[in-house]
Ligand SMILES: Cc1cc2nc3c(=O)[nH]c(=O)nc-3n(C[C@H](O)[C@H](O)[C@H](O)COP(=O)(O)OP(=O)(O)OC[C@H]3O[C@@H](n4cnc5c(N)ncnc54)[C@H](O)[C@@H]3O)c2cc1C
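Only one chain comes next, encoded as structure tokens, the form predicted alone.
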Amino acid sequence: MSVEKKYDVVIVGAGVAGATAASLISRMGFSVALIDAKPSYRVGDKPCGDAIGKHHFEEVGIKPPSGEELDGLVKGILLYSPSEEVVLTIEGEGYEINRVKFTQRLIRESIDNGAEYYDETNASAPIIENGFVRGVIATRMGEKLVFRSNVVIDASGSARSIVRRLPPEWPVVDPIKPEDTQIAYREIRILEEWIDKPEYIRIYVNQKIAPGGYWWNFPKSIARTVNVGLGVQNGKGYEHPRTYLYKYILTRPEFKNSKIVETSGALVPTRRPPYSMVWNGIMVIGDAAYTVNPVHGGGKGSGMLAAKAASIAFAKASEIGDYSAKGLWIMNKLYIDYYGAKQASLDIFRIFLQKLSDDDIEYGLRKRILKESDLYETSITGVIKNKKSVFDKLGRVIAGLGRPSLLAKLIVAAEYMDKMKKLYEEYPDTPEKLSEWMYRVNSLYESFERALKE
């Protein structure tokens, strides 16, 4: 026997993205069911650096973390070259958050607005009727639950619990290739001695220690506590990141006699968003929609922006009672404007960076080919500004030292970053035009890969 319930929206996954969507949609007066497989005390718990930019809260309209939700204030990033002899300081305000406390606050806000929250509830399958997703089937404590809704939002992270069970021809499915993901592992540790400048998070680029990714050390404000971990590119045969962490990082003097508080690992998408984030009766946000910065792997802020786009699109669809791909289509346009165009551009930059050697990276950072302000601007906009002056300077320096190939590759990457951003800004107005646009996206990636090999 099963229990059937009806809601305007069912959200699968109560992480940062899902809980944000529940908060935003429930405050508009819609009935919401928020379900998550984890027990309440662990909801929101996910392997992550836990840092998030201050500007995201202003953009989404969510109150920033405070009290127990706040593990520390961030003033910027210290970016270390492979030798660690070169350190760039990239200024930018943000927070180190307690993911569990922050997510639980969003859930409480949703419940106060009338949402119903189901923890320890596993969504096992979508309900598909006449080409539409009409809800989900789930189990809770051995009981079968049928959640019917006008729209289902998949916010289940890299598991993609609902989207991966949809018809493969739906463009919202858009499976990800292993090499477009990172395997991440991190530990929360208490140090014997506090580190200098704890208000700055540290990112270390080193292909030997973190092949295809980077390692990090993010201080918190709690009793000499740090979040230390790394990500390696998937699909390349590299060892598990925990192996690299224990071999190269935890053997460093600053971690001597440090104590483990928590350990965890996860798969992180690091590419452009899906061809479409909506289809008939379905929307997808957060890691399930690959809404992660391809270069630094941060996904909380962009997941919140995807939740905002989904909430606006759902409200507009409700006004006309159209929950088809066409009725929900504006979500794609909104997210691309908020973050997606930049994300697709940075995906090109990510592919370029993953093909560089440590010597190339060391040289580029040492010579300040891209200044700190340029790096910050690129991470915010997805565009390398002042390209002419950068390349003129780069050409003079690199050519004199016999590194013309590095210059050529950087020029190619910058050109294709611009092309990809422009292509996403030309996202089709209707689902009928999507196939042609998808062809252009795939062709641009193929052209970029060929250009890097020339």
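Remember, predicted model here, so these are calculated numbers, not experimental data. All residue numbers refer to positions in the sequence shown, first residue = 1.
Not pictured, yet referred to below: the form predicted together with this ligand.
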Worksheet item: Here the chain is shown alone; which of Cys48, Ala414, Val60, Leu406 has a heavy atom within 4.5 Å of this ligand in the predicted bound form?
Response: Cys48
Response to the item:
The listed residue (Ile176, Val261, Ala266, Leu356) that reaches within 4.5 Å of this ligand in the predicted bound form by any heavy atom is Ala266
Worksheet item: Counting only non-hydrogen atoms and a 4.5 angstroms cut-off, does Val10 reach this ligand in the predicted bound form?
Response: no
Worksheet item: Hey, in the predicted bound form, is Gln207 touching this ligand, heavy atoms inside 4.5 Å?
Response: no
Practice prompt. Find out whether any non-hydrogen atom of Ala37 is located within 4.5 angstroms of this ligand in the predicted bound form, and reply yes or no.
Written response: yes
Worksheet item: Would Thr121 show up as a contact with this ligand in the predicted bound form if we use heavy atoms at 4.5 Å?
Response: yes
Worksheet item: Would you say all of Ser31, Arg134 and Val278 touch this ligand in the predicted bound form, counting a heavy atom within 4.5 Å as a touch?
Response: no
Worksheet item: in the predicted bound form, which of the stretches 243-251, 287-295, 73-81, 108-116 has residues with heavy atoms within 4.5 Å of this ligand?
Response: 287-295
Worksheet item: Can you name the residues of 207-222 that have a non-hydrogen atom within 4.5 angstroms of this ligand in the predicted bound form?
Response: Trp216, Phe218
